[in-house]
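Below, in structure tokens: the form predicted alone, a single chain.
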Amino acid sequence: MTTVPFDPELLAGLAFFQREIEGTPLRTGNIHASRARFAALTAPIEAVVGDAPVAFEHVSVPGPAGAPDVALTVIRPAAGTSGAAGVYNIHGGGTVLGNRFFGVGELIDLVVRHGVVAVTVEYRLAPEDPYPAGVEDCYAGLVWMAGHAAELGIDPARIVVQGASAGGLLSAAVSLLARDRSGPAIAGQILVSPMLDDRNDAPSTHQFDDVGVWDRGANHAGWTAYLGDARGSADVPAYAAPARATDLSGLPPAFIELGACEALRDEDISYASRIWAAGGQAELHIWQGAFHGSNGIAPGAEVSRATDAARLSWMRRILAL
């Protein structure tokens, strides 16, 4: 199958990622090696903060019933704040790798430039802890954040959840849980290249099979680790794979962004379309030539700058930044 062409300005970044960061594409047999590789590349928060005017603290909060506590890191302006917008961040990593400091530089930038208070969550990873461990950890952290909004300096009516890849999956799932459990009133959900459909069979998954970043094989490995033998079956609930949801009404406004050169492209387009069909709000951006995570890998590219500007525009409108 012919692939969509990559943006020429992103090709060097794509090659760098595949050579220096990914090493080899994620597959079922190399999950732990990939996890160790990414852990070694993730800087501690102290190094990322540097002399930025922010304060951060690590807290341990009650986890799901019968499960361990959940670790969170709160990042806020050093000068303090009151009634700020809140950003609840769920890291990516295919459900199998990463930690709450993965991509924390973007959170720090939001705190410095826009005065938000950010909370980033550590959730249990698959395959050691498959569904529902990760999503329940994330939901527990969100409940704590909303319940402690006043002491955190957050306006509880201005909290968004956000995540990329598996973080997008978990952000969408947490939004469904909050609706169905009458939980925290989420102002919006930012889904960046989200994994939404465990069936892994949309045309774009075949188009980017062994091509690009987070290809069809990596997607298969991540979903299999998360769901085990249930992956692809009729037994997968919406909280595990949001594309399975039959009712997408009543959800917080969604911002969905990804590249045209992604295996996840078609399932994400479908999700936005189904939100609209249910009478909901969704803003969808498909960036021609972009690939999974390309704006982080090649932030100076024109398409990356446009991507970041569009997301910030949506946040300004939803959160009145």
Partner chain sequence: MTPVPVPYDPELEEGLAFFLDLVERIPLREHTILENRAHFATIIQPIEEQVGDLPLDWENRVIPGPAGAPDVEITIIRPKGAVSGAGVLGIHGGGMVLGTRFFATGELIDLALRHGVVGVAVEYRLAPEHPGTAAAEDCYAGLVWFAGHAAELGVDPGRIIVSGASAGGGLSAAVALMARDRKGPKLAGQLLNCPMIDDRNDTVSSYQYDGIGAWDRNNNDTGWSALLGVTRFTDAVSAYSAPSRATDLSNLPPAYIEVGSAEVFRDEDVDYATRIWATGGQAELHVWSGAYHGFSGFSPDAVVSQAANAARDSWIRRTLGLR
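Numbering follows the first chain given and starts at 1. These figures come from a predicted structure and were not determined experimentally.
Not pictured, yet referred to below: the form predicted together with the partner chain.
Participant: Looking at V61, A282, I45, V54, which is the one with a non-hydrogen atom within 4.5 Å of the partner chain in the predicted bound form?
Facilitator: Here the answer is residue option A282.
Participant: Which among 22 to 30, 64 to 72, 263 to 271, 37 to 45 is in contact with the partner chain in the predicted bound form, heavy atoms within 4.5 angstroms?
Facilitator: Partner-contacting stretch among the options: 263 to 271.
Participant: Is V49 close enough to the partner chain in the predicted bound form to count, meaning some heavy atom within 4.5 Å?
Facilitator: Flag for V49 set to no.
Participant: I'd like to check something about P252: if you look in the predicted bound form, is any of its heavy atoms closer than or equal to 4.5 Å to a heavy atom of the partner chain?
Facilitator: Judged by the heavy-atom cut-off of 4.5 Å, P252 is well away from the partner chain in the predicted bound form.
Participant: Give a yes/no on whether N99 approaches the partner chain to within 4.5 Å in the predicted bound form, heavy atoms considered.
Facilitator: Judged by the heavy-atom cut-off of 4.5 Å, N99 is well away from the partner chain in the predicted bound form.
Participant: Check whether Q207 has any heavy atom within 4.5 Å of a heavy atom of the partner chain in the predicted bound form, and answer yes or no.
Facilitator: Because a heavy atom of Q207 falls inside 4.5 Å of the partner chain in the predicted bound form, the answer is yes.
Participant: Using heavy atoms only and a 4.5 Å cut-off, decide whether all three of A277, W287 and R316 touch the partner chain in the predicted bound form.
Facilitator: All of them do, each having a heavy atom within 4.5 Å of the partner.
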